[in-house]
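To begin, one chain is listed below as structure tokens, in the form predicted on its own.
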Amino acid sequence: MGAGARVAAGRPAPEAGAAQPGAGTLLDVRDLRVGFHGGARGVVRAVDGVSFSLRRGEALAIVGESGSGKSAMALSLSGLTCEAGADVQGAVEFEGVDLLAAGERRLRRVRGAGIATVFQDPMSALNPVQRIGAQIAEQVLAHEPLSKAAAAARAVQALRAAGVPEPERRARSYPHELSGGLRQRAMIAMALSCSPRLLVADEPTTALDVTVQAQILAELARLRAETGMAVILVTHDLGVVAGFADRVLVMYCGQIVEQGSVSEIFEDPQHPYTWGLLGSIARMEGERPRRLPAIDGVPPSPARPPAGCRFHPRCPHAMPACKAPVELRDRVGGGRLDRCVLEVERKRALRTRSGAIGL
């Protein structure tokens, strides 16, 4: 048994295969809309009509540029945007319970034990005047009837499972005494201390160098394999999810513009925005370009989104039909969804001509 499977002391380890993809739906999000009051601008719709489901044990990556609504959507899954005064509509069913309709007491039981979150910046997420071990133990005590000594031991165990060296000593450290990579591991340890069924990792590698970034992703993959939890990885970089996720949602200006398996998204992307994200990844083979391709223009404001396909003002292949509402639907077959009016073969021809043919 690996260390990650022993985080919850005294609990039996998950049965082999008990939480593998296809074993059942863990999370079902339907028509989620998240708006923030923007004064004279009215309600700024950061998330606009997002729907998806997540199977037990599945790893789902949500990608897109900064401002696409990824983090607002991820935080809304456990009701955290409601505390920020957001206008949240739709349904978020976790294990059959709609969390958006649940009371604060029910949400407190779910947060940490059912759905755990690893935030973008551990330095601002961790309490700077409290020791790392005490912060982890505090979460454990909030969910389980343990003694303080047992909770402290669980904290050390969680740090060890998250790959923190010398966990007994690090548990007595303050956040500022740890490196960025160790702080991120401490956040992962806190998230896993109560054996959640779903881990939401909101850009957990943004401020880290590429070596530590790879270590953190490998750690998440190992812990997922050992504990059977599902993972939602929020990132702006398609490259970091290539070897991690089972499925990918591509978001732009608050909407999903494409979704599919990792192989489908990387080998046969259907939306021009996805082509742009793929094109921005440096290649190790072939002729070295003078500069990396970039998507022209800037993302639109969610307070004033363009009519029709929201990407059409920046799309080199836009046509009049793009200015009318475009539904997210299966145009390829097999459950692939995208929000582009171009015919499938036409898209493949344009990708080949432009060199944006996936990875």
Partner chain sequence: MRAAHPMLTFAVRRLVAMVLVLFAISVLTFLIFQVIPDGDPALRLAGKFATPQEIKDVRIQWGFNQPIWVQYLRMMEQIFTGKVISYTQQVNVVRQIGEDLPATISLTVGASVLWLIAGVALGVVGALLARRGRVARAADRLLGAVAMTGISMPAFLLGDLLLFYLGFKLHVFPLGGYVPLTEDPVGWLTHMILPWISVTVLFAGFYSRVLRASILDTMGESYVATARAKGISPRRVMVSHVLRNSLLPIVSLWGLDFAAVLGGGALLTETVFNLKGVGQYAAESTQRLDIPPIMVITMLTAFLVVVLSTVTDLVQAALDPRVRLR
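Residue numbers count along the first chain shown, from 1. The model shown is predicted, which means the values in this text are computed figures rather than measured ones.
Just so you know, the form predicted in complex with the partner chain exists too; it's not on screen, but the next bit is about it.
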Partner-proximal stretch of 131 to 139, 226 to 234, 87 to 95, 149 to 157 relative to the partner chain in the predicted bound form, 4.5 angstroms, heavy atom: 131 to 139
Find out whether any non-hydrogen atom of R170 is located within 4.5 angstroms of the partner chain in the predicted bound form, and reply yes or no. no
Is R111 one of the residues lying within 4.5 Å of the partner chain in the predicted bound form, judged by heavy atom distances? yes
In the predicted bound form, does S195 come within 4.5 Å of the partner chain, counting heavy atoms only? no
Could you tell me if E166 has a non-hydrogen atom within 4.5 Å of the partner chain in the predicted bound form? no
Quick check: do L80, S124 and M187 each get a heavy atom within 4.5 Å of the partner chain in the predicted bound form? yes
Looking at T117, Q255, S71, Q259 here, can you tell me which has any non-hydrogen atom within 4.5 angstroms of the partner chain in the predicted bound form? T117
